[in-house]
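As structure tokens, the next two blocks hold two forms of the same chain, structure 1 and structure 2.
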Structure 1
């Protein structure tokens, strides 16, 4: 057996925690693998780059998840349904695509009990996969987005959608920031007047951004709400990707303690 090579493709990609997460898991579990990062500028070259580099598997981050979807020869049914792939494995010369963001997110919010209605702030690529898996699990998902364009797909798929202009506030059990607002700036994902209507009645507030306390989570805390950032989502999507990378020879619980160490370093 030879050392298997893995990578994360993205642009930018230098900030990614994935190499540390996966390498700690390879080391801890004794798997002969190595995981690095690759700055992919042109998403249309994804497949060629994968084979040129002699990789066994990759994760894909912003902005290439749709290109990753198009590069695959075979798609897992859920990845096919949501049109986004964040994990690819090579098997006998073919590329197999999976989406581990959505099941990772589902597990991350499972600690909040008695949740029926979920308000998504944002309607981008991450909202696309996570909204579907939540609906499949019986949650009611409502989307509120800054602009109309990205809401079209959701509307066609039967979701209740709003922009800031036509939003009618109700009570939502969970309010989730699915936007990149607060990632590299100090902006809120929606106008303060709207957040002041939806946060006070929520049971908890969640942000998919990790590694910092966003203005959205800071605001939620002023109302005394339980909050959660995107670290667990990142960890869980990584564990599920690792299961694919290692052909399911390690269970979720065996991988978790090793991958978790990346969040202490």
Structure 2
């Protein structure tokens, strides 16, 4: 049987740890697969690019998660519910879409205890899926975004939403940066005056960006807050994606030690 090819699509994508994570797991578990990265500049070409490259499966990162959703022929019930896809598999010429971000995220924040209210900074594809799964698990999720446009879907779904202009501060147990602010620069996910209102009363601060201490996390640490980057979320969603890639041949616990090595190198 020929080697199955997998990739991550995104822009930017050069920083992605996913190829190392998946290739270590393929190697460690003896699965004949190879995983690479692909800089996709135009999300509308996602489906064509997938087939042109002869891929079996992909992960999708910012800013293409909604394009990924639209490219699928079939959707997993949860992906359909949240309107965002970050994992795609090809089966008999059709693209099947899944969301592994949300369950991965839920597992990653489970270490923080007594969390009831969660403030999301940003309202993109990752926020779309994780807000739903957190609400389903009993958390109250509030969203703050630069502009009104992206908040419409959340409003329709009954979430409390704010823009920078109309934000009303209160106490939030967990403040989470859901944007790419700080990934390649020193920008913050919201105006400093807003962050200086919400961080001091929070129990912890989380950033979905991994592999670096972002300006947001640095600011949280000046207030003595426990912080967490996106490494665990990345690991857990990667394991769940790997389960799909290998047609559930391996359990979560079997995959985890191999994939975890990528964070130690």
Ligand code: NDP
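Throughout, rigid core stands for the largest set of C-alpha atoms superposing within 1.5 Å between the two forms. Numbering follows the first chain given and starts at 1. No experiment lies behind these values; they were computed from the predicted model shown.
Between the two renderings of this chain, the form predicted on its own is found in structure 2; structure 1 comes from elsewhere. The chain divides into two rigid parts for the movement between the two structures; residue 203 belongs to the part that does not contain residue 256.
Superimposing on the larger rigid part's C-alpha atoms between the two structures leaves the smaller part rotated by 13 degrees. Note on residue 74: its Cα is shifted 2.6 Å between the two structures, core used for superposition.
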